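The same protein chain appears twice below, in two forms, each given on its own as structure tokens and labelled structure 1 and structure 2.
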Structure 1
Amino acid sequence: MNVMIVGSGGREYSIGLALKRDSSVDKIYFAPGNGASKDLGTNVLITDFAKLADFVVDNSIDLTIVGPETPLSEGIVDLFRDRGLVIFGPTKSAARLEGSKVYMKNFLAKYEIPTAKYIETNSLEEATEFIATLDDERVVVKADGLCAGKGVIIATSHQEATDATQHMLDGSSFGEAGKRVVVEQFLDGYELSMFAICDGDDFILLPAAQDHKRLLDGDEGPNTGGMGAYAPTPLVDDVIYEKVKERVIRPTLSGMKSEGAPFEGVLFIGLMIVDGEPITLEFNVRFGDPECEILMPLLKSPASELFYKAATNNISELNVEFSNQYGVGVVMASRDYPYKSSPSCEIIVDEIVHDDLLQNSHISYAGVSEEDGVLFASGGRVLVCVGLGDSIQEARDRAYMLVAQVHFAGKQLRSDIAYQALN
């Protein structure tokens, strides 16, 4: 089987790693990939969807996997399917679950999927009136459109929430993406990420992960795309898994069919667990990053089979197996992340001589470029150091041992990934 992965980040690189160890995969292509992905396959520098579809036909590519949200929201799946090509991901219509926070919240309310109290509006006056009705000073403000995972503000006071709303609505925060907002009550609990691989009718639920959104230790500092993650989390038991299946995933798949937009692809469910009850914070329509980097190594079944069966509405035929190990991923980011771009700088990885580390850790590269065989840090989140182990502590130790082998100017990272489980 020949497979193409659309995207250029650590998420796509980790999918490539999973396919690389899949004996049924012959060739891997990345469109466009990054400076390190060409060690796993072939980078294809084509951005036009129609020309990319031509490339798929010309190179006998059997399956295309779409990583990021933007091409999904722009309709790459629709175009490929119109050409009779097998592609994993939701259609443009189904991708509205992430492409519009307003659509997503109204969908949750319509199909009685538990979520936080909210208002969606383009009026500062309406938003301010709603904010005043909330008991908790903490308020969540979300831009309607795509903001690369950064369009959510958790305000610590009503005034801060009002200011954040104003900055979104006037376009100064997120441009057109913020011209309509969702303002919702703050929920007090613990946050989880769950991922369901869906084929429109059925699904497979992956082990629950926990992300670390804030830049600094102790969940301080600004929100980021994610500074690290671990899975599976001991904060989820079988009861919570079943509640998520019955109260969130099944009504979502049923509701999307009723909407005329069957959901196929990755349904990423951002949850808050409040007194043992799962409350849906948001949907995304692709793997989280860096959650994907720790989930892919835990997949024992062939990755190509999982994605292909989901893309061809045959997921019920699968018996998917996951490792009993744990995965911990630590993001290493560039100096000025997430505020602005940083100067490009060389990445040096020490030779790893410890056999235990060689066998149970690896790097998933993201914001990197390559020149004359040398890798350079060229993006915000540069790479993810992944450790595997029979316990969260063992996986975490290996991840941080690997971190110590990686050097580039201005690197920044959190030192407390997985603290929720270990504390």
Structure 2
Amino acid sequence: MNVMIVGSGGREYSIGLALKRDSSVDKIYFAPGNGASKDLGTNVLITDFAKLADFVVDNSIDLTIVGPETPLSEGIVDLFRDRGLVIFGPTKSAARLEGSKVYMKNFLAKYEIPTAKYIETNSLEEATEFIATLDDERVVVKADGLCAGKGVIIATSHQEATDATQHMLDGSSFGEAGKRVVVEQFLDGYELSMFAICDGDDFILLPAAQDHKRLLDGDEGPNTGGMGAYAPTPLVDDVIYEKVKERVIRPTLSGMKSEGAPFEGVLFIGLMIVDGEPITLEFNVRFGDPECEILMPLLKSPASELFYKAATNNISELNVEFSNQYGVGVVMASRDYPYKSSPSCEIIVDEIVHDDLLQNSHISYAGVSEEDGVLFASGGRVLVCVGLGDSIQEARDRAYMLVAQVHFAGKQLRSDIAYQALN
């Protein structure tokens, strides 16, 4: 089977690694890929969806897997399906679960999926009245549209929440994306990421992961796309998995069907566990990054079959197996991340000479470019060092041993990935 992966990050690279291990995969293409994905397959520099579909036909590509949300929200799946091509991901209308927070919150309310109490509005007066009804001084204000992960303000007082709402509504914080807002109750608990691979009717739930969104140790500093992750997290037991399946995923799949937008692709459920109850914070319609980088290596079954069956509505035929190991991923980011882009600089990876490390760790490359065989750190999140092990501690030790072999000027990383599991 020939497979194309749309995207350029560490997430897409890790899907490429999983396909590389899969004996039924012949050729792998990345559109556009990065400076390291060329070693796993062929980078295709076509951005226009129709031309990309032509490329898929011309090169007998059997399956396309879409990594990031932007092409999904722009309708790449609809266009490929219209051309009779097999593509894994949600249609444009199903991708609204991520593209609009207002749509998502109203969907959760309509199908009685537990979520934080909220109001969605474009009126400052309505928002202020709602804020006054909340007991907690902490309030969460969210811009409706996609803001590259920055559209959420956790205000520490009602006044701050009102001010944040005003700045969103008048367009000064996030432009058009903030002209409608969701204001919601602050939830105090621990946060998890769960991923369900869906085919519209059925799903396969992957091991629960925990991301580390803040830049600095101890969850300090600004929000980022994610500085590290681990899975499976011991913070989830079978009771929570069952609750997520019954109270979140099943009603979401049947709800999306009734809305005329069956959900196919990765349903990424951002959860807050409050007193043992999973409360849905948000949906995304794609894999998390860096969560994907640690989940893909835990997949024992062939990746191509999983994605192909999901894309062709046959997931119920599958019995997917996961390894009983743990994965820990540590992101290495460039000097000025997440504030601005950093000067490009060479990456040096020492030769790994210990068998143990060679067999149980690897790098998932993200923001890298290549010139004359030399790899450069050129993006914000540059790469993820992944360690696998029989315990979280062992996986984490290996991830940090690998980190110690990777060098580039100004590298930033957290030293406490998986701390919540080890406390």
Ligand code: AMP
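The term rigid core refers to the maximal set of C-alpha atoms that superpose within 1.5 Å between the two forms. Nothing here was measured: the structure is a model prediction, and the numbers come from that model. Along the sequence of structure 1, residues get numbers from 1 upward.
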Between structure 1 and structure 2, which should be identified as the form predicted together with the ligand? 2
Superposing on the rigid core, does the Cα of residue 308 end up 2 Å or more away between structures 1 and 2? no
Align both forms on the core first, then report whether residue 221 has a C-alpha shift of 2 Å or more between structures 1 and 2. no
Would residue 204 count as moving between structures 1 and 2, using a Cα shift of 2 angstroms or more after superposing the core as the test? no
Keeping the rigid core fixed, what distance in angstrom separates the two C-alpha positions of residue 130 between structures 1 and 2? 2.5
